[in-house]
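As structure tokens, one chain now follows by itself in the form predicted alone.
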């Protein structure tokens, strides 16, 4: 939608909301009010020109938000007597409302939490421990921090308490985020809250700190929960005299929420991932009690990665081929190996595109792999005795037999793909591991 229509859309929604409100269709009215508020906020961010216009929209937005909260409370309690628009409620209702929690009585807090819920990925990924090649020590540490306390809570009583903060650090592409997804999958009862630094930073004064606070409150409401912050260095770099006041306040609030006075973080694990751990603030580093180094994959792990990335794609590679590929990829990350395999998987497609001759072969039908047919076409050399001169445009879609991925294709892709890990960064990471971390 073009930004010029955002405000008009919000006004249209409010008109519908007030009309439904007058007709006592409170469910519909609530939906329209909530959608209108979203469009008003969008308009403030992208369309409104000047502070006066923004302030005017904000005031209107607050009125509609207040009315939406009253309707929500009415619908939740199932009152027989409807709440009149603009009515503040009876004395008894006021007295009852005054006993509610801060969350119920603070519309701004609710608004921030709803905004966070929209930005946070509250998900249950489908990545098992077996999908993560290598990293055995890291997996054991994460099981100790997450899985054991959930499965055997009686083990963690008294002075024996699970870890509250774990930092995964290492070169890019080694599986830090993937490992976090595996934690979320295996911890069946936990909520996985994946958030980026951009979700917690706002241009409005004081709102960033409130977003950080509400993130942790949201996690406490949904515990047991895992807060995963990827590239945590962008949020918690070292504090200095020349940084902005807002950046300093965000870091301070993050420190307080992670391990501050009066904050109960039982059942909450903060999981951070970074490629440059040396820029983290010392206080943040202390709050990540376990700092696990996710190194470049070893040879046996690289062989497993080639198999995992190939999946069920038809190929002719043997166990010895996988071992050879693993030995040739010293210094490559898991992401680099993924790129090699993806490029190799495209080689048969390129062969189909450039082929000038095809021949008939027997094989499983592309429509149904359980049915064997004799009239499939596959690329061949012009000198083949069964070669038919044609190009791929003349082949019917259900008659193409894809060429198998071979070792030749893998070696060709390997020759054109270079590792992305910097030797200089590896030295810094090793130094950080020796000073503050542990092997993963």
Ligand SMILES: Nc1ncnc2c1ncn2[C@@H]1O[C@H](COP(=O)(O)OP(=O)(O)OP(=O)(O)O)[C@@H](O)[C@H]1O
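Note that the structure is predicted; figures quoted are calculated from it, not measured. Positions refer to the first chain, counted from 1.
Another form, the form predicted in complex with the ligand, is not on view; read the next lines as being about it.
The partner is absent here; in the predicted bound form, the one residue of 278, 74, 322, 178 having a heavy atom within 4.5 Å of the ligand is 178. For the options 171, 149, 224, 348, the one in contact with the ligand in the predicted bound form, meaning a heavy atom within 4.5 Å, is 171. From the list 249 to 257, 362 to 370, 306 to 314, 211 to 219, the contact stretch for the ligand in the predicted bound form under a 4.5 Å heavy atom rule is 306 to 314. A residue is said to contact a partner when one of its heavy atoms sits within 4.5 Å of a partner heavy atom; residue 334 meets this definition for the ligand in the predicted bound form. Taking non-hydrogen atoms only, residue 135 approaches the ligand to within 4.5 angstroms in the predicted bound form. Among heavy atoms of residue 266, none comes within 4.5 Å of the ligand in the predicted bound form. The ligand is not drawn, but in the predicted bound form it has a heavy atom within 4.5 Å of residue 231.
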